[in-house]
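We begin with a single chain expressed as structure tokens, specifically the form predicted alone.
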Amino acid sequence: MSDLIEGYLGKRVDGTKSRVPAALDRWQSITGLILGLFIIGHMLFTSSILLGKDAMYAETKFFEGSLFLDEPEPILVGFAATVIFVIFVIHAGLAMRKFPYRWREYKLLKTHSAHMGHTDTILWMVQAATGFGMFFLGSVHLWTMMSMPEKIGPYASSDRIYTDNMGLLYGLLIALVILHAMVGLYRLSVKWGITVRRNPRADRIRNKKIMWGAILFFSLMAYSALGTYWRIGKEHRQNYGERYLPQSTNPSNSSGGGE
């Protein structure tokens, strides 16, 4: 009966409101923070190709457990991708609670944003739009990492981008991910008062400048890395499927081997 009353009136029998929405909002922030920090690390790691094939190879082996295993295991990467995918789905489900599902809700949001000229409201709309796109494109990428973790490396990743025609998908995904993650981290800093203390207005402006700087920095880095993968894939297209071996192992790097 209490659930029925709360469902109709939005309050419990004793007149208090449920704490569930606040708890869900807290978990949305926690999962968002985890994903935001993961995206930063992921872009730094994948951009190691800018330092050369050997650097990207060494990093791949590191995440496959080369420090504590005699034989690196790609399944470790697949497991990590599965964990991130679960967090990704949970975060998406929690975020969808606030989407304007009805036309009337959307019109109210749009009118409010246009009338108030509130930048943070516009940023929320950017997050909603990019999050919607990420749910589809991001799922494709994560599924690839979960199902084929062994196909990560200087040649394997480049082949996927060029020969497997995944370059366009990654190009779109990079834009969505960077915008969503950086705007999300900025909004978390404002929402929870992180680095916004003595002068909230000035601190918010400073955080917003950091956000735009991060968007520019990671965009340049990620698209430069994507271009490098595309170039390597184009050069390697005649040897599609061949695995990269570091120069110290195979100076000519002309035969196949494990990545």
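In this text, residue numbers run from 1 along the sequence as written. This structure is a prediction, so every number in the text was calculated from the model and none was measured.
This protein has a second form, the form predicted in complex with a small molecule, left out of what is shown; the following refers to that one.
G131 is the sole member of G167, G131, P72, P149 with a non-hydrogen atom lying within 4.5 angstroms of the small molecule in the model of the complex. Only one of T228, T46, N207, S29 lies close to the small molecule in the model of the complex, with a heavy atom inside 4.5 Å, and it is S29.
Not one of A156, R237 and L245 is positioned with any heavy atom within 4.5 Å of the small molecule in the model of the complex. Remark: of stretches 104-112, 89-97, 159-167, 75-83, the one touching the small molecule in the model of the complex is 89-97 (heavy atom within 4.5 Å). Taking non-hydrogen atoms only, T144 never approaches the small molecule to within 4.5 angstroms in the model of the complex. The closest non-hydrogen atom of M221 lies beyond 4.5 Å of the small molecule in the model of the complex. When contacts are judged by a 4.5 Å heavy atom cut-off, H42 does not count as touching the small molecule in the model of the complex.
Although the partner is absent here, A55 is not a contact residue: none of its heavy atoms lies within 4.5 angstroms of the small molecule in the model of the complex.
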